[in-house]
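A single chain, nothing else alongside it, follows as structure tokens in the form predicted alone.
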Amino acid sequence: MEKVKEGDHVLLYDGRKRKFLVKAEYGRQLHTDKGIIELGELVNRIYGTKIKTHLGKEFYILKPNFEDLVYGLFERKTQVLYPKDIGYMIVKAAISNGSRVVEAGTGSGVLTAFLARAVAPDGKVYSYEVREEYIELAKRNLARVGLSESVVLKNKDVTKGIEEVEIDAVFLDMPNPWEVIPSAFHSLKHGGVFLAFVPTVNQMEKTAIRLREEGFHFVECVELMLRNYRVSVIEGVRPSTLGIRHTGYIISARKP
């Protein structure tokens, strides 16, 4: 049975809806509407057991997964992609350990982290970003999840050209992905995958048309909707009032 070590990140969960990502360290406290938890008391507790607040309310002590860490620890100065979109893009790209991937723009590094985890330990993500402050932000965030070695951060404009060749996939989260399509075609290996995420229909249309003009095959455009359901013995089952509807459009294509 694994125990919490000092300095570990821990997910505290009340069994209903409240959860907090905290660090197990002495001299720190978590203040909640259910009371205060002394974070030093987490050290040497067994994952899966419970801890009480000073008001006697219980929280489960859980080990956070990668999604918890990325969305809970990363500093954000940009809008980030949702798991529903990231998961689809990674599946379409068919990347895994050893793959070499180009990404632009880096932003806060959320997509970068998921790509790095997919290609690690033998692959590499080459991430282009024009704003130096975002490069520094992504560098700090990637260090938090131990993926710095799997990413090469490049303070360069990807529209000026992709420097890498024989790439397995290109991921673009930027307003003008069509400007990168000729360079992406040159850099991708045969069968390599192009993916772009854009917020408007006009951008999607322009990207899809340019992909076909440049010789890409299997051009697809999708929008993913996520709908949660509330399941209750008392209230029954019904869709949640709130949910993630439109986030953006994903365009994918393959180089022949």
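For every residue, the number given is its place in the sequence shown, counted from 1. Only a predicted model underlies this, so the values are computations on that prediction, with no experimental measurement involved.
Keep in mind that the form predicted in complex with another copy of the chain is not shown, yet the notes after this line are about it.
Chemist: Does Val80 reach another copy of the chain in the predicted bound form if we count a contact as any heavy atom within 4.5 Å?
Modeler: Result no; Val80 lies far from another copy of the chain in the predicted bound form.
Chemist: Consider Trp178 of the chain shown here, and say whether it contacts another copy of the chain in the predicted bound form, taking contact as heavy atoms within 4.5 Å.
Modeler: So Trp178 does not count as contacting another copy of the chain.
Chemist: With the partner left out here, check for me: in the predicted bound form, does some heavy atom of Ala94 sit within 4.5 Å of another copy of the chain?
Modeler: Output for Ala94 is yes: heavy atoms within 4.5 Å of another copy of the chain.
Chemist: Does Glu25 reach another copy of the chain in the predicted bound form, with heavy atoms at most 4.5 Å apart?
Modeler: Output for Glu25 is no: heavy atoms all beyond 4.5 Å of another copy of the chain.
Chemist: Give a yes or no on whether every one of Ile36, Phe74 and Leu142 sits within 4.5 angstroms of another copy of the chain in the predicted bound form by heavy atom.
Modeler: Not one of the three qualifies.
Chemist: So which stretch, 113-121, 149-157, 134-142, 100-108, is the one near another copy of the chain in the predicted bound form (non-hydrogen atoms, 4.5 Å)?
Modeler: Among the candidates, contact is made by 113-121.
Chemist: Output the sequence-ordered list of residues from 229-255 with at least one heavy atom within 4.5 Å of another copy of the chain in the predicted bound form.
Modeler: Tyr229, Val231, Ser232, Val233, Glu235, Gly236, Val237, Arg238, Pro239, Ser240, Thr241, Leu242, Gly243, Ile244, Arg245, His246, Tyr249, Arg254, in sequence order.
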